[in-house]
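Given as structure tokens, the chain that follows is alone and in the form predicted alone.
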């Protein structure tokens, strides 16, 4: 990692509370690389040799079944992914590939485990990220079991809007086939779901989604109560 890149990486949630000496040791042995789109970063079953931290770009986590891939998560910056495999020193349960040109920090897994034991700030940040990952999983399972497909799409749009600071018009990242797989739908069902959402306050033109009536969309999609918070 070049010296000019270190201040930016030091502000990432996982590293910002670390002691400077330990953080410098991690950075000196880590790699910040740029990857082209549609590049496989690792496959399920491989040993977790590195923690991946997405700094810029977009990454798809997926599992492969005969004849198809199933999207499990779309990773947006700034976020580490599959931290649990690194902490437990177990093989990856999912595969990962870039969706767009991506800048990714690769932290040696063994080094990170050593530093977690030594650095209280890193330990706290690691526990926090693992807890958020668990809550994300619970929300995803709840969404899949408690909502119909069009409701899942509406809820996804509301959550996306919240991550964008409440913006009512935005561009969805990634291919629609990936979004369809993430929501447990076929691309054809996704197109029909977007059409159905027109009567619930949503319009779409290409990749751009506009929430024209947020109250109508909330009434239809039944988002999680605000009291649960984003995390």
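Numbering follows the first chain given and starts at 1. A quick note: this is a predicted structure, and the numbers were derived from the prediction, not measured.
Here the subject shifts to the form predicted together with the DNA, a form of this protein not shown in this document.
Colleague: Check each of 37, 45, 166, 184 and return the one that places a heavy atom within 4.5 angstroms of the DNA in the model of the complex.
Modeller: Looking at the other structure, the residue within range turns out to be 184.
Colleague: Within 4.5 Å, heavy atoms only, which of 56, 171, 175, 49 is in contact with the DNA in the model of the complex?
Modeller: Only one option qualifies, and that one is 175.
Colleague: Given a 4.5 Å cut-off on heavy atoms, tell me which of 158 to 166, 27 to 35, 187 to 195, 57 to 65 is the interface stretch with the DNA in the model of the complex.
Modeller: Among the listed stretches, the partner-contacting one is 187 to 195.
Colleague: Classify residue 142 as contacting or not contacting the DNA in the model of the complex by the rule of any non-hydrogen atom within 4.5 angstroms, answering yes or no.
Modeller: Flag for residue 142 set to no.
Colleague: Evaluate residue 88 for contact with the DNA in the model of the complex, applying a 4.5 angstroms cut-off between non-hydrogen atoms, and reply yes or no.
Modeller: Taking the distances in the model of the complex, the answer for residue 88 is no, it never comes within 4.5 Å of the DNA.
Colleague: My question is simply whether residue 148 lines the interface with the DNA in the model of the complex - judged by any non-hydrogen atom within 4.5 Å.
Modeller: Residue 148: contacts the DNA in the model of the complex.
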